[in-house]
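Take a look at this single chain, the form predicted alone, given in structure tokens.
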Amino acid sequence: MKTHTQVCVIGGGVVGCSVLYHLTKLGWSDVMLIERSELTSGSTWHAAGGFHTLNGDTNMAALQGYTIGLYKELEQITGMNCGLHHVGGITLADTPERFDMLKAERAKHRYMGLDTEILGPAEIKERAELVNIDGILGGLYDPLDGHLDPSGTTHAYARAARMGGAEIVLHNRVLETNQRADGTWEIVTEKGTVIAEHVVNAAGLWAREVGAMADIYFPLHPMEHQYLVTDEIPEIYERGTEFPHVIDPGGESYLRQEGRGLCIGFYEKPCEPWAVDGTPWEFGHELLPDKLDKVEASIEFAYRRFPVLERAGVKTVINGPFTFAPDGNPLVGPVPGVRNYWSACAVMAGFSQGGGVGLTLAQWMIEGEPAQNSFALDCARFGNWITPGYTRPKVIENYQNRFSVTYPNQELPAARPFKTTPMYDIFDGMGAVWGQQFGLEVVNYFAEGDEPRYETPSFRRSNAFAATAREVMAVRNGVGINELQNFGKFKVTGTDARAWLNRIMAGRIPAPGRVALTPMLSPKGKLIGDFTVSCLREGAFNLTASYGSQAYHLRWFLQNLQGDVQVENVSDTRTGFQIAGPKAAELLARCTRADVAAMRFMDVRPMVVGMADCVVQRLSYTGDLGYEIYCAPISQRALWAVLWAAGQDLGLRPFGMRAMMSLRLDKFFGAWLREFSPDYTAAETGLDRFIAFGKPDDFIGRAAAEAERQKGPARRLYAFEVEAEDADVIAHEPIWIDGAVRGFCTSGGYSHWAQKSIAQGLIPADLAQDGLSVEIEILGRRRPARLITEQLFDAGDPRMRG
């Protein structure tokens, strides 16, 4: 075993071996993998080995598509057999809601280039004759679905990595990981110590234990999972071709052929977390005791859906653990706050996602950033607020909902409320219907009278529609108030603060007393932030951006810190309210002795509001006349009291995020991780108008942005008015132009002010013109739409800026 290496991967399951292979594929050969037992020990060896592309997140679906396409490449490189069976798969829908979800997924696949197909009941019966189609409305067919040999595939990754120069050391448990002063890592093992420039935690079931060696908590938890293998079934072994995969969400099960019989697995509601207080080091190639009582109801349902199972004996019961993150996606990337420590954990679908995880991490390490937006799997999507007490109930909830319909407006209840602001009980008493972001309770809207305190999950307009309209009109016609807690907020100070911000941000950094909007770019010119920067005085700046991306952004700031600069995350120590609407200035003036009338659009100044020391900025994401009023949490209730009392005769009403998302559509404002994300460049989304190309600073991403500026982007973001019925654009719906899919939607919704359905989306720049007729596919139906360029509210911004 060598004693020095560029990268040490800890864990020899399919994910660790994939990371190792992709590091060599991208050019790093001085890499090694350390495994406490044999390759595949842990979750890999007992996996069912299925793979599929279906995923509600388009980037995750693309990652899964890459993984599936990789297996033939591995076989060609190594000469080994991965045991591939591309049999195709059908996901069944037995309710209108499930069928809506499948139609929405099929629409996404159109622009992704995935050749999936919506089937009717008779077509399902024709392709999978053992399915009882009673009650089935339809299904989604994917020809790429299949299964493989987990052991053979993992060893193929390992051989390919060895061929690229990697070393693999087995039967060698890691005992300690200690960071040295220069940022490298001392990895103490049973066979000696290795010094590594980088460490990758791919320890699977033991990721928590390995992370704890470096004082890192990984929010994941193992869950028990059972599947059954039947005896031989004549209808299977006498069939001319292999039986396709069938996923039956209504029965919480998946089914595929296994030899001359069938394999069926369950995601049952009475599930059970495993190894709550830690995974035993001696565990590895064992199975857990059978617990068929937990899946009794699922088995009974399966017998009705697949009657052939009633006549088949059970040959084997597999009950083994595998790990989930709270949202079911992997934990990948550089761990925030720790130099040269990388995560490749919680990959519960290792044979659907492992190849893409390995590629993503290798690109990140070697090239500085992944080729595609990886936020859905970035370990920074969870902050340092998360605890095992939060993780466990969320993992259980995610397991229970593995095959449930995923609605765009759904708010899952487990582990809530957790993080709340001082306003929680006041808003709750006013009828707040709550959502959550980054663990924080956030008001979606306010129910009144006998309206339910629960938003019905739906792909169509929900029961929040009327309440949202009420709040929108209150803002546009009077004044509304909304909490500011759910912004990511950073304090930047120091003698080099301005110079550093000019390097880290692509836009103009404002003068004292002023505010500016600026994109933040990756070295390749991709959008990694959409910031408001305010300067209180020279050397003291406030930054605001996405609340859910605060750990992601802070990691980037700290990785690129230079000079006399201090960056502090104050997201939860600075709060307040925004007020917006034509009477907002009058309301603020009633509560302060400061000269509110003298504040120009994009001004910032310290101000005492009521009794509270505040910082006030004149701007609003509603696109209306508005002010953001920031204070300390300890002063928030006093600030609320003075604003609320002063605003009663002005018609002051609270509003939530549902109204906010409608209001921003009136001005065609983009949203983070919708219009603005690492999937896109500033020029594609229109944020290039905020890039300060004239400033002398060599800001990160400048070369890429200037190159795109010279040639122009191939696609651009535009707004569309849609002739919708009872369902609006959500995201990723294809845009048809002249009978072909030429673009896709980034987000959309209903403008209650204009009483129109609005979408935003990317189409080829050379096709765009005002009034362009297109069609947007919503839930399987192509709806007429037209490109619009004039804002629906306050065109030219006289009210917002005046």
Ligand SMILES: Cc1cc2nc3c(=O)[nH]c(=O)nc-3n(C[C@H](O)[C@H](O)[C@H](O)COP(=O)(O)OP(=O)(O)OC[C@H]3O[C@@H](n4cnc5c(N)ncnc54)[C@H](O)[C@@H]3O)c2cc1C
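Keep in mind the model is a prediction, meaning the values are calculated, not measured. The first residue of the shown sequence is 1; numbering continues from there.
What follows is about the form predicted together with the ligand, which we do not show.
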property	result
Output flag, 220, 374 and 377 jointly within 4.5 Å of the ligand in the model of the complex, heavy atom basis	no
Residue 14, heavy atom within 4.5 angstroms of the ligand in the model of the complex	yes
Residue 752 within 4.5 Å of the ligand in the model of the complex, heavy atoms	no
Residue 352 within 4.5 Å of the ligand in the model of the complex, heavy atoms	yes
Contact test in the model of the complex: residue 720 vs the ligand, heavy atoms, 4.5 Å	no
Contact assignment for the ligand in the model of the complex, among 31, 63, 745, 47, heavy atom within 4.5 Å	47
Contact assignment for the ligand in the model of the complex, among 383, 647, 321, 701, heavy atom within 4.5 Å	321
Contact stretch among 124-132, 222-230, 666-674, 516-524 - heavy atom within 4.5 Å of the ligand in the model of the complex	222-230
Contacts with the ligand in the model of the complex - residues in 260-290 whose heavy atoms fall within 4.5 Å	281
